[in-house]
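Presented below, as structure tokens, is a lone chain in the form predicted on its own.
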Amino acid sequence: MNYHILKKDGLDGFIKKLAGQMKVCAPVAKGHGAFAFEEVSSAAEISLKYIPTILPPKKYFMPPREKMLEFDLNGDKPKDAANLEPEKLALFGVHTCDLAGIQCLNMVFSERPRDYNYLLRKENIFIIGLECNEYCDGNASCALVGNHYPNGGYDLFFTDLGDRFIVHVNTQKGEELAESQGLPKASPADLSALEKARDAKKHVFQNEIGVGPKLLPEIFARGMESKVWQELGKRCVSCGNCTNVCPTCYCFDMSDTINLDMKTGCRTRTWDSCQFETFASVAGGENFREERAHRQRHRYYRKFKYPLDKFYRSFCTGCGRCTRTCMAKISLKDTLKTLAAEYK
């Protein structure tokens, strides 16, 4: 396996050189304990220790609002407004939970019919991961779903070893960048230090739910009629915060807008939420998930049951964003603990 070393005092030079080659986005402190991925040009702007950002990095792959095409009734056919030549972009400091989220979206949008807007952006985004050596806060549950260790999905991956980073190269693009930056190869002592750091994490990252992740599919298979869904339904306000900040939610809505000339307009894609009352409404007035309890249950099953049946992996990455942003203070970990207790 290919590892390099970057001294801590060399990080600023690394970022500045990278910013000279492409746009660089990294976690930036926004005040009041909040962070967001934003464009940076130096290491001083970056928060290396941060809780998951307000919005996950999926916003660079799948923008919250995207113009798909423009049309003119005087023309022959609609004009494709998609950004077919997206700018080169480097995402620095992506946590393992968000790397897992990007991997989930890669599978979804690679299915037929493929989403070429997403795939084109993906090909132009260089991903640099950053390892968490401890929990970001009590809302995270990455150990439950196995996302507290790196599991691919990046070009380079940084692990903090105190006075230096050990950098794992995962792709050819990553190797080319490491060489262009002049990063020296890691020594056996560096690899030994990495192994010790990973061993130490075993005592820090614990599964707090009380059951192993392999039991989750069975727990949800038996939990369809659990009382917990009615309890969540009474508290939920259907704001959609939980889905908008989720790194694996990918539902969207399409809308056509006609300009005042009644001849020109555009088609726009925007993020949607299964927690909105109108989400499951169809022609004729039928709503297949009219109750908030049913919508809450659907959201959990879209993370812990349905994706496992189809993609063989959980679509909850353990980032904790849904709990942090919930206006009703609904905790994903508490819900899982209740379901696990009922199962036992």
Partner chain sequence: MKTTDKTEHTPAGAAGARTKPKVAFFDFASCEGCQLQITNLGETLLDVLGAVDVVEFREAISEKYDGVYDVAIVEGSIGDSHAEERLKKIRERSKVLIAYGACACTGGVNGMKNGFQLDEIRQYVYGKDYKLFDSTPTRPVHEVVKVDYFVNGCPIYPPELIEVLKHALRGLPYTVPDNPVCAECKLNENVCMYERGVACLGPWTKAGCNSWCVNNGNICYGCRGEVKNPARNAAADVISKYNLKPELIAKKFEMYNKCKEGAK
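Computed from a predicted structure; not experimentally measured. Numbering follows the first chain given and starts at 1.
Beyond what is shown, the protein has a form predicted together with the partner chain; the following relates to that form.
A heavy atom within 4.5 Å of the partner chain in the model of the complex is found for one listed residue only; from 90, 102, 169, 236, this is 236. Put simply, of 181, 133, 241, 207 only one has a heavy atom within 4.5 Å of the partner chain in the model of the complex, and it is 241. Remark: residue 326 counts among the residues lining the partner chain in the model of the complex, judged by a heavy atom distance of 4.5 Å or less. Taking the partner from elsewhere, residue 34 is found to have a heavy atom lying within 4.5 Å of the partner chain in the model of the complex. Contact check for residue 128: every heavy atom lies farther than 4.5 Å from the partner chain in the model of the complex.
Put simply, residue 313 is far from the partner chain in the model of the complex: not one heavy atom of it is within 4.5 Å. Partner proximity in the model of the complex, defined as non-hydrogen atoms within 4.5 angstroms of the partner chain, places exactly one of 169-177, 92-100, 256-264, 155-163 at the interface: 256-264. Interface residues of 274-305, taken as those with a heavy atom within 4.5 Å of the partner chain in the model of the complex (partner not displayed): 276, 277, 292, in sequence order.
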